[in-house]
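Shown here is one chain on its own, the form predicted alone, set out as C-alpha cells.
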Amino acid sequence: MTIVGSIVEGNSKYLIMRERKGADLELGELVVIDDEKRKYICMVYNIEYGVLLEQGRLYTSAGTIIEKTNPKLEFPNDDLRIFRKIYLKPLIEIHNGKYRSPISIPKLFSNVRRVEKEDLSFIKEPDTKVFLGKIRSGGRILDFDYYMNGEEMISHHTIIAAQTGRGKSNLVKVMLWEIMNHGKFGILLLDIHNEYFGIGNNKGLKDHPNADRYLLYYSKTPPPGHKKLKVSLTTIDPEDLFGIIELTEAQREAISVYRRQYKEEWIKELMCKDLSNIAQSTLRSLRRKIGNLFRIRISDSGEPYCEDEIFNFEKIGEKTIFDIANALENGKIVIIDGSSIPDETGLVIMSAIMREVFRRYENYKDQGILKDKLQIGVVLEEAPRILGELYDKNIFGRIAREGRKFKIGLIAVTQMASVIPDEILANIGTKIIMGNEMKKERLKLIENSPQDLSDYDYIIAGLEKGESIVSSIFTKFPVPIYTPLFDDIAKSEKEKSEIVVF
C-alpha cells in the first residue's frame, strides 16, 4: 500500500490533500482514505500548486532559471514548502460493510492511497448483467469488470453521448455481445453504417457463439441463414410516419381520412385516388413525400408500384413486422441493415415494429402477464432527430414517456444531447458520457445527470477514446470505465472456443 498524500483541509463537499512528492496523481483518478471505522472512495477533480513562500520570491527565482543568470537552483527538490494540492470529491463512504453516499468526513491528516481492485468489492455482479467495460482510475485501467443490471438499465432508458470517434458504436457492440450471452433481452437496431452484424471478414455480432440462437439480420442482400428485408405497405400505419417525416396539419388530416376510408390499403389509394374533401395542393405535396419515402411510381395504367425491392403493395412481407416483434419477445437481437436505404425509410420500419411491440405489451399489462415477458429495447442512432422537437408525434417519444411501465426502453446514441428536450433527458435513467470537447453538450448532460457532475466538466472534456463516465439512478456514484475494443473481445471469445480439451 503506497501513501500518496494526507488530508489537510475540506468539508462535506470536497477534501484537500497534500500530495506526496512523486505520487503524480491525475484528474479522474480514484483514491481511498482509510479512517478508523470508515473507508472513503474519492475522485481527483482539481490539482493546484501549493507554495509556502512569498510570491515575489517565486517570480525572481523563476527568472534566474530561465534567463540563466544563476545556474544554481534556489529550491531543492525535497523542499517541503513547494508541493501540489489535490482536490478530492467524496464518492462513497463504506461503514460496517455497507456503502452509501458520504455523510461524514475523515479525520484531519488521514492518509490517502490509490484505489485497488479489492476496494471495489462492494460492487456486485447483477443477474441480468450487461458488460460496459473495466473500471478506470484516471488513465489506469483496473482488472475489474463493470456490469449493470440490464433490465433496470434498459427499462429506464440509456443515453450514450459523445463526439464522433470517441467509441459510441464500439460500446453498443460490446453491450450487445454481452446480451447475447444470456438472451434475456430483445433488442432492435437499425444499422445505418452496416457495422454491427459484421460483413465478410469484419468482426461483428455474427461471430458470437450464440449468433445462430439470438441474432437475426434483415437486409436487401442477406448472407445465408438470414432474412431478406421485405415489407408490405399494408402493414404501415400513419403513426409510423409521424415524427419521422415533416407533415403539415392538413397533410396529417388527409392521411387520417385515407386510413379511415381505405384501411390497410390507405397508401395505395392515397397515391392514385383523389378525394373531393382534400385540397389538390395538399395531395400533391403529400404524394411527393410518401412517394419519395417508399420510392413509389405510377405505371402507365395509373397503378402505383414500388421501385425499391423492399416495399410492395401486395402481400409479400406482410408478416415481417409481426415476425420481428416475435423475435424481440423471444430475446433476440434484430439488426436491420440500413446502409442501402434512406434513413427515413429505415426509421419508418423501426417505428412500425415498435408500434406492434408496444401494442402487445400494453395488452400483456392489461392481462396481468407483463411481468413474465422479456425486457425489450430499441437502439436509436438518430436520437436527436427522432427525439427532438417532434418526439411527441412518434412511437419513440411515447416509449420515452411511458415505456418503462411496459418493459420497453430506449438506448439513445447521440453527438448532440442538447437537441433532446429536457423532459426526455431528465427521464433517462442511465447516462454514459464519453469524451466531448463542446462545452454546451457537456453542460447539458451534467445538468440532467442523476448524480452531481458539476466537478466533472474538464474530466469529461479530456476523456480519451473508449473512456466514459457512467451516471445512473442505479449507482451510488459516477463510475469511470474503459470499454475495450469489440474486435479484441470477439477475438478472445474465438480463441477460447478453439481450445481443444483432451
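Predicted model, so just to flag it, every value in this text is computed and none were measured. We number the residues from 1 along the sequence you see.
Just so you know, the form predicted in complex with a small molecule exists too; it's not on screen, but the next bit is about it.
Undergrad: Using a 4.5 Å heavy atom cut-off, which stretch among 343 to 351, 204 to 212, 168 to 176, 361 to 369 contacts the small molecule in the predicted bound form?
TA: That would be stretch 168 to 176.
Undergrad: Even though the small molecule is not shown here, does Gly10 get within 4.5 Å of it in the predicted bound form, heavy atoms only?
TA: Looking in the predicted bound form, residue contacts with the small molecule do not include Gly10, since no heavy atom lies within 4.5 Å.
Undergrad: Using a 4.5 angstroms cut-off on non-hydrogen atoms, would Gln163 count as touching the small molecule in the predicted bound form?
TA: Answer yes; at least one heavy atom of Gln163 falls within 4.5 Å of the small molecule in the predicted bound form.
Undergrad: Using heavy atoms and a 4.5 Å limit, would one call Arg57 a contact residue for the small molecule in the predicted bound form?
TA: Outside the cut-off, so no.
Undergrad: If we define contact as a non-hydrogen atom of the residue within 4.5 angstroms of the partner, is Glu93 a contact of the small molecule in the predicted bound form?
TA: Contact check for Glu93: no, nothing within 4.5 Å of the small molecule in the predicted bound form.
Undergrad: Ok, Lys476, Lys439, Lys39, Lys465: which has a heavy atom sitting within 4.5 Å of the small molecule in the predicted bound form?
TA: Of Lys476, Lys439, Lys39, Lys465, the residue with a heavy atom within 4.5 Å of the small molecule in the predicted bound form is Lys465.
Undergrad: Please pick, from Gln415, Thr320, Thr128, Ser155, the one residue with any non-hydrogen atom lying within 4.5 angstroms of the small molecule in the predicted bound form.
TA: Of Gln415, Thr320, Thr128, Ser155, the residue with a heavy atom within 4.5 Å of the small molecule in the predicted bound form is Gln415.
Undergrad: Taking Glu195, Glu381 and Leu485 together, does each of them reach the small molecule in the predicted bound form with some heavy atom inside 4.5 Å?
TA: Yes.
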